[in-house]
Ligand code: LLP
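In structure tokens, the next block holds one chain alone, the form predicted on its own.
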Amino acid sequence: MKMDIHRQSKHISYKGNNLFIEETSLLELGEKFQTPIYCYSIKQIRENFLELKNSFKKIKPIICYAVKANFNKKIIDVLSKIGAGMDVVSGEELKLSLECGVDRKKIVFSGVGKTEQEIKYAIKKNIKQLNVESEEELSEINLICLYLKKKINVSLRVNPDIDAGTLEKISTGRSEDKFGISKNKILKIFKKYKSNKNIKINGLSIHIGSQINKLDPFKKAFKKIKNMIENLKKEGFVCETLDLGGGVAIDYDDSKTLKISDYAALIEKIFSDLNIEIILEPGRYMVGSSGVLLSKVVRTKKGENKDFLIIDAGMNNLIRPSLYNAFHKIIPVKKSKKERKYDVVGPICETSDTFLKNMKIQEMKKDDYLVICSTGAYGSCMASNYNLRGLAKEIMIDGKKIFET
């Protein structure tokens, strides 16, 4: 039976018949802590950051981790200590980042629905910039700055009308999506705020979606944004900063994903001649492959036409499969040779609480352990207490060291 997870994480692998995360046995973790448990490899997170950083040869982008992917304090701490900034989308994410000691001049505040209270907080904390999503938001920021007698850098998020070819619910760069300002309005806004004493428009921002596995959508969007910068320059406006967002896919199902080196080379090819500061906002890429959700078999159930593997993790712990029909590989913690097909389901009283259907896996029994792979992003952070089932514990692994968070 082939269970290759190397492409998803270098640090989650079998040693003999037992599954390990770094140097720590997942079987021992299941017996030590109550499942379900989110387990993250610190080494994998560090390596993902350094792979992205070191792929650039001509420019040195500011890499701002998208906190929405996973707001675990230890993850923020690990990344900030090796030079990462943060991309936040709420006042609480901003507050958490500052509490974790992140350099405020490496914090970018994005999001279409910033409240007046959140905007005030960001301005008072003197963060790097606000990525503005509308003319209306910009007008509100102007009034707040006037009231506070402070000035803030803002970057205009452009909606480039690019279809990234990703899932409908995680596409953000099309004209019908709620994000960003129409590219046709950008010059007018620059002109309007040219002499404004409260707001400095320092550049542009773009983000076209998530889980993008081809270079072409990025290439189209990047070329559009470069043309806009060059046209603004002809009108006498200087863009000091360009935020290119995130969106790079990770491998969930052994399908082809783009190489980070190719992504970096594309950015350098298009933008290295502009003498402009580049910001990147990776989230899923940084942490997705680092995590697994460790779960125990509650029981097996023989149905009329199929067998069910009922586990103690549910859609309240990992909602992506029920929300997006997202695929996550599921593998046993202890390997054996006999195989069987199951529908792998959780305990929640919803038919949609299903992780995989007709999955061929080894035959399993009550109290056996399995893991749901690539759950470091958009797993724990989207969890709920639905059915009054508690949140899964989160632990960080560094070699043989275990950190409860």
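We number the residues from 1 along the sequence you see. Because the structure is predicted, anything quoted here is derived from the model rather than measured.
This next part talks about the form predicted together with this ligand, which is not shown.
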Is this ligand close enough to 110, 157 and 247 in the predicted complex that each of the three has a heavy atom within 4.5 Å of it? yes
Please tell me whether any heavy atom belonging to residue 68 falls inside 4.5 Å of a heavy atom of this ligand, as the geometry stands in the predicted complex. yes
Consider residue 320 of the chain shown here, and say whether it contacts this ligand in the predicted complex, taking contact as heavy atoms within 4.5 Å. yes
Distance check, residue 324 to this ligand in the predicted complex, heavy atom within 4.5 Å: yes
Does any heavy atom of residue 383 come within 4.5 Å of a heavy atom of this ligand in the predicted complex? no
If you check 314, 282, 85, 332 against this ligand in the predicted complex, which one has a heavy atom within 4.5 Å? 282
So which of 342, 355, 49, 378 gets a non-hydrogen atom within 4.5 Å of this ligand in the predicted complex? 378
Answer among 94 to 102, 134 to 142, 119 to 127, 204 to 212 for heavy atoms within 4.5 Å of this ligand in the predicted complex: the stretch 204 to 212
